[in-house]
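Next up: a single chain in structure tokens, the form predicted alone.
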Amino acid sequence: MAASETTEAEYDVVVLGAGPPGENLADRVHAGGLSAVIVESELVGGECSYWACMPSKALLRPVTARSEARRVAGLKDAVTGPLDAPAVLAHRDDFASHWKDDGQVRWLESVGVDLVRGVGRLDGPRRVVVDGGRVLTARHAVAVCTGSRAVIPGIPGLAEAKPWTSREATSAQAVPGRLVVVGGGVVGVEMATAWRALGASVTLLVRGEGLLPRMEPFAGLLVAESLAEAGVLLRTGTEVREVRREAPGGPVTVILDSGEEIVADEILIATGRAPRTDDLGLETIGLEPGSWLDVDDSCRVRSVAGDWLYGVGDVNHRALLTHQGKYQARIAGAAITARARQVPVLESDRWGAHAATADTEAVPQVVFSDPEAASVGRTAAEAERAGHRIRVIDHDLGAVAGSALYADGYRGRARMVVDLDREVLLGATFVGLGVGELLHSATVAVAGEVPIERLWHAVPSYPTISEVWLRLLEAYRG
């Protein structure tokens, strides 16, 4: 519901930002009996709904569906020719709700959360001023859920060239003839995959030596092989020295550190994120504008007197993923409600209702490339750096009966990282067609700290790709 137009109002909880974390936190505290208002300067639903998760996956699904179909006998000959780019873009527009938030606003109304449109800024403890006029005061908590934005590096000429960020890459209304993508992380890989399949000539420039550096090295290798087969020109160990665009909308020239020049129609910068906290009034409560918010496991900001400020989602830099932001919102919402009702908060319980432990121990992520890459928990290198004594078990995912049935010539790999002292999984990674739907079983095993001995009794159905679990466990037991 829209908040009343009075210049001052008081709520139990004031939420800045109506993306998934803000929506979920407001819903949780309201369900706990507290009043809540959300302040939003753009679209209710946030980055995920309009410029990230939903539109990007809508662009990618036709790509992976066609790829899978072309690997099935009796079907491959029926799936020929290019993708229908206008139809794919229209399908994407539907999933982005045509950049209108009516449905999300109706959802807020249905759960009893007020909405104030405008830019909200902190103005001292528990006080938020919207657009310099309306004042919202929080009885118990203010939650900053404003998310993050793409970083534009200080490369000469880049800002003037008006590069694409993830927003433009997921909302563009036409396929560029030539696209340069800078960055080998999730956004760079997914958008190179999508726009190449839609007909663009794509060059992917990576400063490091491989793709998807936060995953196991084999994930980046397998995805790089597939991108190369699709016609993407991948250049690793490369940096951009300068960018030139002589006229708005005209060709862009990308000059590499080697002096080589690449001419394209658009350049996408996918090299990092920064918190959207630079214009929030953090200075009024002793914090640095533009900084990440340092929070405890209940997402309460540590360095603010009175324990009333929370940072949920990307702004706390714990795990920049929509599902983790929503998870944090559920944790923070429960903690805010408990503290408001003077109920003991279970801060000492690692896996209790008030600690976002999964942010550090069991973060799942799927990269919707072709093939998909999916991981949860720690990589082998991360586990070793954390001091664990580990054993790594790998298996060829293509050697599983379910994979062979899924697609001819199925290529993939699976890995589990085992803590030898406790005999539980610390992490798992899968690369292959359709493995995103395989990931949650690994997430349950890692978050639940299920003993390997008990996993032996979790029998995978035959013939599914999930049978890889049996092969991994057999290899571990010898």
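Note that residue numbering follows the sequence shown and begins at 1. What you see is a predicted model; the values in this text were computed from it and never measured.
One more form of this protein, predicted in complex with a further copy of the same chain, exists but is not displayed; see below.
With the partner omitted from this view, the residue of Val424, Cys53, Leu34, Leu43 that lies near a further copy of the same chain in the model of the complex is Cys53 [heavy atom within 4.5 Å]. Contact annotation: Gly210 falls outside 4.5 Å of a further copy of the same chain in the model of the complex, judged by heavy atom distances. Of the heavy atoms in Trp195, none are within 4.5 Å of a further copy of the same chain in the model of the complex. In the model of the complex, a further copy of the same chain sits beyond 4.5 Å of every heavy atom of Gly154. Contact annotation: Leu470 falls within 4.5 Å of a further copy of the same chain in the model of the complex, judged by heavy atom distances. Note that among 356 to 364, 302 to 310, 243 to 251, 168 to 176, the stretch whose heavy atoms approach a further copy of the same chain to within 4.5 Å in the model of the complex is 356 to 364.
Annotation: in the model of the complex, residues His323, Lys326 and Pro463 each come within 4.5 Å of a further copy of the same chain through at least one heavy atom. Shown without its partner, the chain has Ala447, Gly448, Glu449, Val450, Arg454, Leu455, Trp456, His457, Ala458, Val459, Pro460, Ser461, Tyr462, Pro463, Thr464, Ile465, Ser466, Glu467, Trp469 in segment 446 to 469 as residues with a non-hydrogen atom within 4.5 angstroms of a further copy of the same chain in the model of the complex.
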